[in-house]
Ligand SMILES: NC(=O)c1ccc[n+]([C@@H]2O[C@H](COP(=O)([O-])OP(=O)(O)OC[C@H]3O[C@@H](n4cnc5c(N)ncnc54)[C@H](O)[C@@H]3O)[C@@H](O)[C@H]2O)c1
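We begin with a single chain expressed as structure tokens, specifically the form predicted alone.
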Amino acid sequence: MLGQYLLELDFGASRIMEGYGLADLPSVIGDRRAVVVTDDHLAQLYSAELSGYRQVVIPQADAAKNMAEIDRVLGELLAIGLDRSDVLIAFGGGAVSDVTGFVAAIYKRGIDCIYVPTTVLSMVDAAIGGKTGVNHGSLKNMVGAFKMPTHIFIDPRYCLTLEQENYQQGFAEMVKHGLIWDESYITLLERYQSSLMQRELETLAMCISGASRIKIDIIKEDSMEYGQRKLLNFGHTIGHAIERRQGLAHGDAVSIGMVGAMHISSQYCGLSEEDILRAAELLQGFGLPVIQQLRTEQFWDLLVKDKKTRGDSVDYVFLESIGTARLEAIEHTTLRTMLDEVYARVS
């Protein structure tokens, strides 16, 4: 176990417990009744560990993130007879925590939940900070609520069973954290990239802990995403649009989106080509794509409907240098011009 620490935000608090997993749940739950929400793959893979709990099983990834699935989960909980003194357990990746957290926020006007993330991506990003979201049609995370889990168990050993493509998705968010906030973390990822790709557990635990603490530093003064918490959207404006249009994995889409955002930042605020190349090489070293396959007109309709849009502008995150980002409202017409220029030049 690396440590425990408390994340307190305006709308709740989470105790983050590094090195804890399913076996440690009884020490936190006590005699409360618990229902585990997990996906169909994990329900089979960890059937022995989950055997003592009632389970609600959902599809994997974005197939679970829709209102029809939310309604089905609510129906199962009502059939079980879960009440407000009970607790929901999210055991899985970001989609599982999104669904579980949203359900916990609205079921009987609120029920406690605990997250046990099982992917790198969920451990460094999705499980931390209380944001939940499900998709509406082709639009990403357009429906959701703020809901803090009471506890978040971070056990990197779960990541060792992931398929390679799923395993490497989380490194996009880890790189993002360093790019917008802490250059020394980028240096750390560069130093230990080989060990991370070989799934060396001690190194993985160290780097996951570092990324999660960066996110906490960013959000602790901006719980509801009115200011600096929006920096965490770096690369996501483009990324979410192409993720939905192309059906990409989230980390792949964010990686491409960050490189696109860096090229825009070179035009808009002087980000150096050296910094762009450094970041792109790091992403590629984690097996993540950096080249955009779509022209702007092929995903623009999704981009302008992004939840960060306000009227004719969008809150956009620019990178001034590695470790330093800034948020600025930019008109859609200006962003479209820059995107067209970038993709004409780099494609």
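Just so you know, these numbers come straight off a predicted model, no measurement behind them. Heads up: residue numbers just count along the shown sequence, starting at 1.
Keep in mind that the form predicted in complex with the named molecule is missing from the display, and what follows is about it.
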Contact assignment for the named molecule in the predicted complex, among Ser265, Ser122, Thr100, Ser212, heavy atom within 4.5 Å: Ser122
One residue of Ala126, Leu179, Ile154, Ile256 in contact with the named molecule, assessed in the predicted complex (non-hydrogen atom, 4.5 angstroms): Ala126
Location of the named molecule contact in the predicted complex, chosen stretch of 82-90, 113-121, 270-278, 182-190 [non-hydrogen atom, 4.5 Å]: 113-121
4.5 Å heavy atom contact with the named molecule in the predicted complex for all of Gly260, Trp300 and Met338: no
Asn166 within 4.5 Å of the named molecule in the predicted complex, heavy atoms: yes
4.5 angstroms heavy atom contact with the named molecule in the predicted complex for Leu162: yes
Partner contact for Gly239 in the predicted complex: the named molecule, 4.5 angstroms, heavy atom: no
Interface membership of Gln60, the named molecule in the predicted complex, 4.5 Å heavy atom rule: yes
Interface residues of 139-155 toward the named molecule, as seen in the predicted complex [heavy atoms, 4.5 Å]: Lys140, Asn141
